[in-house]
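Before any questions on how it binds or moves, here is one chain, the form predicted on its own, in structure tokens.
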């Protein structure tokens, strides 16, 4: 069962980059500017802190009609009935995550190489209710970045385009993406751009998101 999701402007949160501002306010502004999906990423929070923040974000995003994805923590995602969970290569295997959350939740998977990406079962062709593949692949870092240090080599636009030619999986480009290169990421074949600092650290998260959304449209030739 194919799920229609909009990954155009994918906000990945980072509280330290918010410079003391309220994270929920940052999220609300980003959604007002056009963020289509929000991933709550909390690397240093306790389970209880993560749960409380995720519950508040879920309440907010439900009102705004935007899906909430929980990074890494399947238990937190299940506890707050989040719309999905995103895992990396060192987290629980995505197939086990799919079994835990069921066929109707979003499951995203980070891939570090083309080979990893091509080894992932395709959601569109694996039989079953929703299949066993992830709903999208997080591809990156597309560009050098300081916000995610547990990554491998930089992909670059050429390698992203190479992957696009070999798969029709949903691809979200992440890592060093900002308004100045977002259109290039889309032209290289990504379905959306995942952004951290370009929104969380922006003086106006709403304006920054509006500009990113416009860049995505430009990349699609729809300006």
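Computed from a prediction, not measured in an experiment: that's the story for all the values here. Numbering follows the first chain given and starts at 1.
In what follows, reference is made to the form predicted together with a further copy of the same chain, a form of this protein that is not presented.
So in the predicted bound form, are 108, 119 and 154 all sitting within 4.5 Å of a further copy of the same chain, heavy atoms only? Checked in the predicted bound form: no contact with a further copy of the same chain for any of the three.
Just to confirm, residue 46 within 4.5 Å of a further copy of the same chain in the predicted bound form by heavy atoms? Heavy-atom contact with a further copy of the same chain at 4.5 Å: present for residue 46.
Can you check whether residue 141 is within 4.5 Å of a further copy of the same chain in the predicted bound form, heavy atom basis? Answer no; every heavy atom of residue 141 is more than 4.5 Å from a further copy of the same chain in the predicted bound form.
Even though the partner isn't displayed, in the predicted bound form is residue 113 close enough to a further copy of the same chain, meaning a heavy atom within 4.5 Å? No, residue 113 stays farther than 4.5 Å from a further copy of the same chain in the predicted bound form.
I'd like to know whether residue 89 contacts a further copy of the same chain in the predicted bound form, with contact meaning heavy atoms within 4.5 angstroms. So residue 89 counts as contacting a further copy of the same chain.
Quick check for you: of 185 to 193, 65 to 73, 23 to 31, 162 to 170, which stretch puts a non-hydrogen atom within 4.5 Å of a further copy of the same chain in the predicted bound form? It is 65 to 73 that comes within 4.5 Å of the partner.
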